[in-house]
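Here you get one chain, nothing else, as structure tokens; it is the form predicted alone.
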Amino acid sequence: MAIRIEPLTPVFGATVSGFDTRQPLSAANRAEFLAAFEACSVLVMHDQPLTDAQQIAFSESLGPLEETLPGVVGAGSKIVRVSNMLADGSLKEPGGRLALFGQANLLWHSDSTFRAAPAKASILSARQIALQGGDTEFASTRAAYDSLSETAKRRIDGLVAIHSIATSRRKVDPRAVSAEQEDALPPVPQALVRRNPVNGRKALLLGSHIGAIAGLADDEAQGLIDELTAIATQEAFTYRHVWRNDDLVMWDNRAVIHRGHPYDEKTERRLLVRTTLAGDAPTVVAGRIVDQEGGKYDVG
């Protein structure tokens, strides 16, 4: 049976149905699903109740997974608990480091661009949602790149941005990142424009992890990032997902940025569980941008 794919917006995103993620996908359905992922960037699946083990099994059927970074709930495992709760179900201390760390999710970002090989995809399962708020918003950096003039594209093709976990967390509070996390995840270079290896389409690699752009003064770099982010996050290029329990959403970190929206973390309990498909390769090696079709070219 073919899966059903219904567009979410004129630009990107789709609702996908007709299968159960607790069961292995047939070869045909897996091919359809991955084709929809490459084409649509964000896939929404309703009524998909999952345990952690089932989510890991479904995710690993699509590719290898990252391990959760140190210093957070779930560290060293294959799942990230996007939640205001600790492992024992108690609420995180308001204003504490773990709560502050999570607040950075409210900034536009792409998952794991602070790793040398940035994440390919994220898969987020809604286990317990907030009564009000807590939506997740997505913006198409592929549509944003396509909208640029040829002059603007020439200006940014070949630029390299410096990403780190410390940069995004310090935008919230200096206490939001630990020395252990900084040591484990030093700053890494990422191409500002990357090419999809499957369909050849280009997208911007943006987000709050960026702290600098090689070769540009800090004010010029920040101005450029702000300009590109404003283009990517205009209403025509965004989709805001209102969560339902048992929703499963998968998105392409190579083609979108996302951010959470606030909810009452002091009184409500919210739990979303994320698995993350590891990236295929770095975007920059030895100071040279790696073209996603296999070639390399010098920066600058």
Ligand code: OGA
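Residue positions are given as counts along the sequence shown, with the first one as 1. Computed from a predicted structure; not experimentally measured.
One more form of this protein, predicted together with the ligand, exists but is not displayed; see below.
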query: One stretch from 148 to 156, 171 to 179, 101 to 109, 184 to 192 that, in the predicted complex, holds residues within 4.5 Å of the ligand by heavy atom; finding: 101 to 109
query: Output flag, Leu124, Trp251 and Gly260 jointly within 4.5 Å of the ligand in the predicted complex, heavy atom basis; finding: yes
query: 4.5 Å heavy atom contact, Val82 and the ligand in the predicted complex; finding: yes
query: Any non-hydrogen atom of Leu272 within 4.5 angstroms of the ligand in the predicted complex; finding: yes
query: Exercise: Thr136 in contact with the ligand in the predicted complex, heavy atom 4.5 Å; finding: yes
